[in-house]
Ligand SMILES: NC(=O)c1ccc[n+]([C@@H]2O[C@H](COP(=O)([O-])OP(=O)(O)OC[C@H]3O[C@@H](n4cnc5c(N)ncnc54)[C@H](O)[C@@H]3O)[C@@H](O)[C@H]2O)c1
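Just one chain is shown here, as structure tokens, and it is the form predicted on its own.
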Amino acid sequence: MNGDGNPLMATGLLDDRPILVTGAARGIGCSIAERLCQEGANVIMLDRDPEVKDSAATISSACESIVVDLCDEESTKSAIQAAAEKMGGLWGVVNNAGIFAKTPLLEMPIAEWDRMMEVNVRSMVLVIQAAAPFMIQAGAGRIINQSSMAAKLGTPGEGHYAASKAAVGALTRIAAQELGPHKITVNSICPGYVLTEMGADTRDPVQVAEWTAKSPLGRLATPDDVANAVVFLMSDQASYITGEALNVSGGMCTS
């Protein structure tokens, strides 16, 4: 669906391309996996939550799943190795796994900071290290890292979250430089306010209305808005775009 609620027509942009999506049990990750399948990709969804199995089964017969904790180095390597072998290689990876929390900086336990960095940044590095060699072997590929509008703006209470997402942007730029000679593009996406289960306990109707008013389009993002941007960056149409941080914020963030 597009932002106006109208169905999207599949165009076969990604026919038979093997793609991994992390953090795919629900929300944005699940929507991304579904859109990639609609465009013809072969998708394996990764998540620590066993619910990812049901999500994959619901989407398509071309969509499979692996339950894995991406914070564990050896488990991550094994899962990506198994996925690449099953699909006959890798064309792309969508690094979507992440967590969110709001805690004032002076009240934040350092363990909460460490956990945010472990899930939002360290796991992404592990995935890239495990997946990129398969793309190098294939001679091309796509890596898309999930960042956030918070990386560029942020609000009080998001010190650890905003810092982790800014780190994703920096990691993306360096990875694009290092992997570019292998014809692998690396980009990040910076969604604005997306109504998903993650972060549901940090918002109320008043906050939703306030954020809605910040967008010139007069609405918040849907998971499909983010998924559509992923499809574009994963396709041949974006072959000359790399090292970028694409805003999908409805005009809330323009830098």
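Residue positions are given as counts along the sequence shown, with the first one as 1. Since the model is a prediction, treat every value here as computed from it, not as a measurement.
Quick note: we don't show the form predicted together with the ligand, though the next part is all about it.
Give a yes/no on whether residue 70 approaches the ligand to within 4.5 Å in the model of the complex, heavy atoms considered.
Result yes; residue 70 sits at the interface with the ligand in the model of the complex.
Answer yes if any heavy atom of residue 25 is within 4.5 Å of a heavy atom of the ligand in the model of the complex; otherwise answer no.
Contact check for residue 25: yes, within 4.5 Å of the ligand in the model of the complex.
Counting only non-hydrogen atoms and a 4.5 angstroms cut-off, does residue 142 reach the ligand in the model of the complex?
The answer is no: residue 142 has no heavy atom within 4.5 Å of the ligand.
Partner proximity in the model of the complex: residue 161 to the ligand, non-hydrogen atom cutoff 4.5 Å:
Contact check for residue 161: yes, within 4.5 Å of the ligand in the model of the complex.
Which residue, 97, 132, 167, 87, has a heavy atom that falls within 4.5 Å of the ligand in the model of the complex?
When the ligand is considered in the model of the complex, the option within 4.5 Å is 97.
Thinking of the ligand in the model of the complex, which stretch from 173 to 181, 133 to 141, 78 to 86, 146 to 154 has heavy atoms inside 4.5 Å of it?
Checking each option against the 4.5 Å cut-off leaves 146 to 154.
Mind listing which residues of 42 to 58 have a heavy atom within 4.5 Å of the ligand in the model of the complex?
If the 4.5 Å heavy-atom criterion is applied to the ligand in the model of the complex, 42 to 58 yields 47, 48, 49.
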